[in-house]
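The chain below stands alone and is given as C-alpha cells, in the form predicted alone.
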C-alpha cells in the first residue's frame, strides 16, 4: 500500500512592530526555516501584504507581523520553529502556537507532540491542550504563555477531510489529471474569486495550492490515497453563510471530517446525512477562542475489514 501522512503540523507566530517586517528577512532566511523542517520551497507568490511559499510538504505564509507554516509527511516542524526562535528575541514574539493533528500512522513520525513541546518549552514558556477524544480524531495545541489581544477579524478556519470518495476522489487518484481539472473539481472560481493562486500536482498524485487576495489567504493540500486519504483547507476568510464548506463536502464526499476554528463562526448543523460526534471548545489564555468539531457521514458507519497479511480465505 502506498502511504503518505497528509495530516499536518502547524506553527503560527506574531511579532511586535519593534522587530520590523518578517518579510524583510528575505527568501534566503525562509528557505533555511523550511529546510529545518526537511522540506523545500517549490513556488512563490506575493502581493502588497503577503509572501506565500508553496512547499514540497504544504505551505508557508509570511506577512509583515506574522507567519504561519504547515508541513505534512514526517517533517520536523518543531525544528523549524526553534530555528526561527534562534533569530528572533523572545521579547519580540507576541503570540506563538504549535499544532498537531491526529495522524494515521503516528509511529512513523520522527517525534511525538509531547517530544516536540518538551523541546519548545526549553525556549518558550507555554501551555498545551488536546481538543477531541484521544481514541478518535483530536487536535493538540501549544501556545505561548503571554497575554495577547487579536485584532478584529483575526480568524482562522480549518476543514480537515478524511476518506474521500466518489467521482472527485476517483479523479484525484487517476492518471492524466491536470491542474485545470483539479481547480474545476474544487470550484476555485466560485469559492476563491479574484485570488491569485499557485498550485502543484505531485507524482503519482497529490495536490497543493496557495491563494492570496489582499491580506486574505487560503490553502489546499490533498493526499488522495484510497486507504489514507486526507484533504485540508485553511483560510482566514469568513466562512459563515459563505457556502464554501458545503461546496467542499459535496465535491469530495469525505466519510469524516474535522472543523477547527480560531475566533471563527462556521457551524455545520447536523442533518440526516451526517452527525457531529464530538464538540470541544476553549477560550485560550492567549486571546483566541478555539473550537474543534468532529463529524461523520452516515455512510461511513459501516467499515469493511482490511486484510493486512496472508492469503484471502
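For clarity, every value in this text was computed on a predicted model and none was experimentally measured. Residue numbers count along the first chain shown, from 1.
Just so it is clear, the following notes concern the form predicted together with another copy of the chain, a form of the same protein that is not shown.
Trainee: Considering only heavy atoms, tell me if residue 126 and another copy of the chain come within 4.5 Å of each other in the model of the complex.
Mentor: Yes - in the model of the complex, heavy atoms of residue 126 and another copy of the chain come within 4.5 Å of each other.
Trainee: Taking another copy of the chain as it sits in the model of the complex, is residue 105 near enough to touch it, meaning that at least one heavy atom pair lies within 4.5 angstroms?
Mentor: Residue 105: contacts another copy of the chain in the model of the complex.
Trainee: If we define contact as a non-hydrogen atom of the residue within 4.5 angstroms of the partner, is residue 207 a contact of another copy of the chain in the model of the complex?
Mentor: No - in the model of the complex, heavy atoms of residue 207 and another copy of the chain never come within 4.5 Å of each other.
Trainee: State yes or no: in the model of the complex, is some non-hydrogen atom of residue 308 no more than 4.5 angstroms from a non-hydrogen atom of another copy of the chain?
Mentor: Contact check for residue 308: yes, within 4.5 Å of another copy of the chain in the model of the complex.
Trainee: Given a 4.5 Å cut-off on heavy atoms, tell me which of 269-277, 241-249, 55-63, 39-47 is the interface stretch with another copy of the chain in the model of the complex.
Mentor: Heavy atoms within 4.5 Å of another copy of the chain in the model of the complex occur in 269-277.
Trainee: Quick one: in the model of the complex, does every one of 25, 92 and 122 get a heavy atom within 4.5 Å of another copy of the chain?
Mentor: Not a single residue of the candidate spot has a heavy atom within 4.5 Å of another copy of the chain in the model of the complex.
Trainee: Can you pick out, from 151, 175, 135, 86, the residue that has a heavy atom within 4.5 Å of another copy of the chain in the model of the complex?
Mentor: Contact residue from the list: 135.
Trainee: Identify, from the list 110, 130, 184, 216, the residue with a heavy atom within 4.5 Å of another copy of the chain in the model of the complex.
Mentor: The residue in contact is 130.
Trainee: In sequence order, which positions of 150-184 have a non-hydrogen atom within 4.5 Å of another copy of the chain in the model of the complex?
Mentor: Residues within 4.5 Å: 162, 163.
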